[in-house]
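So this first bit is one chain, no partners, the form predicted on its own, shown in structure tokens.
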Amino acid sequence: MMDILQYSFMRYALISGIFVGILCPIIGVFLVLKNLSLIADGMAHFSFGGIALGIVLGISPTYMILLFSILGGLLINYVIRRTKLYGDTVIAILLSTGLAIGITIISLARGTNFNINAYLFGSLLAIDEKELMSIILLGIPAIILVIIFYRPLLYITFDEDSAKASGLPVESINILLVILSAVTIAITIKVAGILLTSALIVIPVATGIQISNSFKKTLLSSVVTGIISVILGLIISYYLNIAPGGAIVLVSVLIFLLSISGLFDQKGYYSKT
């Protein structure tokens, strides 16, 4: 492990990866328990249009990812509430729309030098000090907001109707969750890419649900799973010379498979506290 840390790019990758490993499950636990696991995938794919537009206009793709992720999430939330369509149908429409926008822009800007692979598959080892600071500056406020609005977020996650009846601004809290998800996606795409971002948000939470019997324990075990996945994935990718994003997700999947094998079973009920 120590020989890995002698390289600055590995140190940046490890720090940013661990940060993502913490943030993704924190946001993901609310999305998964609200049956919105696919919304992260839809928002990530919708942001592809923003990436292409940002490259063409010379704007930082990170900001365009954030903008398009927020826009995609708000559109999904709006269409679900204003139509008779199920969430997965709406997400599929927005997902396809984002990809179509990106592909169209790329085809129109043939003379532009695109490095799409870095955004499709991630480029964790290419993260420099400036990008690391951007990840931290975007991620820390997101975590603070989750702490501040923990109770309202928990309430709307388990019983939105009762939350609305009690006077909570449910729509505003849902919009906050969409924005927090967009920030998480904008950070994670650099690490795992568009194709694997939702995996880092969903799989650790699925593991946490499997091995825990309360919300707080699920949250904690999900974060621990995310951190372990990042550390082991980076070590494996370094020694086997494979893509770190893929290695991290595969480790996360392996931990999930171990969790459903009964190795970590806890007896008891699932509590909301």
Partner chain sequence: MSDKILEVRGLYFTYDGENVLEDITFSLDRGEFLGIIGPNGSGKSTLLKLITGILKPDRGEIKLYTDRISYIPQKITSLSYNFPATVEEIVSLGILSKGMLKRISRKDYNLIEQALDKVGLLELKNKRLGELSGGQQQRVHIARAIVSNPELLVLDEPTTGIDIVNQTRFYELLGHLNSEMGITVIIVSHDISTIAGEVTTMAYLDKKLHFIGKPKDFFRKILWPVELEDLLSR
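Positions refer to the first chain, counted from 1. What you are looking at is a predicted structure, and each value in this text was computed from that prediction instead of being measured.
Not pictured, yet referred to below: the form predicted together with its partner chain.
With its partner chain omitted here, the record of contacts in the predicted complex names 142-150 of 178-186, 142-150, 72-80, 124-132, defined by a heavy atom within 4.5 Å.
The shortest heavy atom separation between Ala165 and its partner chain in the predicted complex is within 4.5 Å.
Remark: Ile136 does not count among the residues lining its partner chain in the predicted complex, judged by a heavy atom distance of 4.5 Å or less. Heavy atoms of Thr62 never reach within 4.5 Å of its partner chain in the predicted complex, leaving it off the interface. At a distance threshold of 4.5 angstroms between non-hydrogen atoms, Ser237 is out of contact with its partner chain in the predicted complex. When its partner chain is considered in the predicted complex, only one residue from Ile228, Leu67, Leu53, Leu33 comes within 4.5 Å through any heavy atom, namely Leu33. Along 168-183, a non-hydrogen atom within 4.5 Å of its partner chain in the predicted complex is carried by Leu168, Pro169, Ile173, in order along the sequence.
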